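One protein chain, two forms: both are listed below as structure tokens, the first as structure 1 and the second as structure 2.
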Structure 1
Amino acid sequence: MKFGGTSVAGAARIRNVAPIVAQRRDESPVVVTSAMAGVTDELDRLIERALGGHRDDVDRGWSALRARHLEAASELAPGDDRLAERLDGTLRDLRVLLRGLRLVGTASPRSRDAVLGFGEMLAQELLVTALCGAGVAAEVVDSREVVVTDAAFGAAHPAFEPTRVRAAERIGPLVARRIVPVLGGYLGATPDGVPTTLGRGGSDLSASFLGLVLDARVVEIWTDVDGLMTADPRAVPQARLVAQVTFREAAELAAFGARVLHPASIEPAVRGGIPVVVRNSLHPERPGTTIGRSGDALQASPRAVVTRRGLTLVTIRAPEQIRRSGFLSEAVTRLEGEGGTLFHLTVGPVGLEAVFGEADDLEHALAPVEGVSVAVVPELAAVSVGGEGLAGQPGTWGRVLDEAARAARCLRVLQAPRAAALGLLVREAEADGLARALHDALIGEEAGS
């Protein structure tokens, strides 16, 4: 059972988690928690302020984090001095690291990982306190002593066999004694104990990977939404919950903009064939969305319409360079160096087209390369239709393109690698209208169930 940052955003939310876990005690739950909402982003900001030498700003930020966690502790366990001492000890360690970064003026990926994991360590103390207060025997387990990773700091990869052995040693005995282990997500360590983080979607990956090594029956991702919707309800008011999707549908819809899960986070569950259920911790009575290998999700029909905003289309003409060994890698690296996140890539005989998110000055990224011209179109969105088996239904893709022609000016067609999703690149201002048109035409009243 993994609880995201919004599920543990403060004392009230953390207290709300306790009965959800308590009701599952007979199923031997293992709990993974994210940091409180916004804490990891604040830690990242404090690293940058420390590197800039902004002592007062760092001290204020650290004090605000301390006050937030101690306030939650006092609400969850009034008068519990030992809890406050444990939190204060962890926070003092954080302050020492931040001061060290300020003095040195530089931070390696290893140093950043050492700081960025503090949010989860603080949150697991608070969650254990809430569980014990609700009559659930629970104990903190340090993820850095269980999840063994490589040394790819910032995006470390967990290793199956050593993690399986350590999980059996550290988690197994607690479960046998009906004690709920609570681990911080996102965290791991190299074989010699150097702290690492697992990158984007890290807490979901922690839960999925622990589910694999522990032979879990199911992995539950508890967040603040009901699950995967047929569309964004803000743009499509008639959007409804999708009860079941396949692993491939979930991964490709996530890659195209669905925000329920990071695509890489469920890979261990796919490997182990373990169902993943996305549920709402604010409404635990709702069933959520089940992600698995089979079931009615295998019907060859559109499952959802998803939108990814803030995209930029980069067209690179390089007839003299495109066949040169290493050019493609060089081009993408230069573009990503401007802050762009690669979303889609198409390579042709005289150049390439790339779609980036979160991009800055992409037009000048390849200016130093001889024989290369670059054209940039910003403020775009990808509106995509996803569903297992649609690759074999050209008639459905035809309907998608027909609706797109009526509702928006389609600039490009983007296809997922396994063809479980088809995206249409349009101006951002046209995205909501296209999403509504596609949802009405292709999903309508039959979605969700």
Structure 2
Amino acid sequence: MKFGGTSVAGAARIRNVAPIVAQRRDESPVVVTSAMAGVTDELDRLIERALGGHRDDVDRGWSALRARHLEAASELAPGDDRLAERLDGTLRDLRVLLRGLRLVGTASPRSRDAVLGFGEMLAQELLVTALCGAGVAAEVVDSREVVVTDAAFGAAHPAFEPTRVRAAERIGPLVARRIVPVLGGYLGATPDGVPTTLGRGGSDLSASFLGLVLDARVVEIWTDVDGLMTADPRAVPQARLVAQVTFREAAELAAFGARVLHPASIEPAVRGGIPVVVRNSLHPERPGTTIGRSGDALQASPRAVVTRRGLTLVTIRAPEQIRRSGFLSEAVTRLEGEGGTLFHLTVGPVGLEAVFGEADDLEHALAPVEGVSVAVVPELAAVSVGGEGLAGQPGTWGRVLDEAARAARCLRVLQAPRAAALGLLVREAEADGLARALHDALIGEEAGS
């Protein structure tokens, strides 16, 4: 049972989690928690401020984080000095790290991970307190002693066998004693104990991976919406629940931007044949979305409109170089070296275009290469219409393009492998309007559930 940031955003929400877990007590639940909503973003900001030497701002930010967690603690367990002391100890370690970053002035991916994981370490204490307070015996299990990863800081990959062994050692005995283990999501450590994170939004992956190694019956992702929907309900109020989808369709919708699920979280579930159910912690009586081997019959109409923000378009004109063997991989490697993650790639006879997420300085990555000119357009979003049944339905693509052209200025069309989705690249500000228009025209009120 994984509870996302909004499900543990404050004392009231955390308290609300207890009965959801309590109901499952006879099924030996294992709980994974995210940081309180917004905390990882704030830690990320504090790293930048520390590197910039903004001492007062970092102190203020740290104090606010401290106040937020201690306040939640005193609401959940008034007068529990040991809890406050534990949280304070963790917070002091965080302050030391932030000071270190400020003094050194640079942060390796390794030191960033050390800081970014603090939100989950604090949240797990609060959740255990709430569970115990509600009469559910629970104990913190340090994910860094269980989830063994490689050293790809910022997006580490958990390793099956060592994690399985550690989980059996650390989690198994608690479950046998009917104690609910509570682990921070997003966190791991290399075999020699250096802290890593699984990438932003990675608590979903923590949950499905632990589900795999523990041979769970089901992985539940508890969040703040009813499940996987036909669009982001924040942008498209008409969005409807998708009751059942296949692993593959869910993975692709997630990869194209359905934030409710981390794209990498599906793979372990597929490997273990474990269904993943996305549910609303504010409405635990609702059934949610079941992702499994079988889904609804393939639909002739699109399943969902999903949006991925924070993209950068890089256009590389290289009419001579493009024919040189090895140029393509070199170009992509250099661009990835600037911190970007590749979202989409188009290759043609005079060059290539790549769409990157989370990119830094893409313009300069290829600047020194002779015969190559580079243009970069940041702050874009891809609004994609996706669904397993879409390939081979040219009529649908025509309608997508017509509607898109009416609703927004589309810079590029992006096609997914197997034609399972068609995306439109637009300025971020136009994304929600385009998503609404496409949802209205292609999904409307009926389909999806």
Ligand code: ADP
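For clarity, every value in this text was computed on a predicted model and none was experimentally measured. Definition used throughout: the rigid core is the maximal C-alpha set that superposes within 1.5 Å between two forms. The first residue in the sequence of structure 1 is number 1, and each one after it adds one.
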{"query": "Chain form predicted on its own, by structure number", "finding": "1"}
{"query": "Displaced residue check between the two structures: R308, CA, 2 Å or over, core reference", "finding": "yes"}
{"query": "C-alpha of R234 moved at least 2 Å between the two structures on rigid core", "finding": "yes"}
{"query": "After fitting the core, F247 CA displacement of 2 Å or more between the two structures", "finding": "no"}
{"query": "V332 CA shift between the two structures in angstrom, with the core used for superposition", "finding": "4.4"}
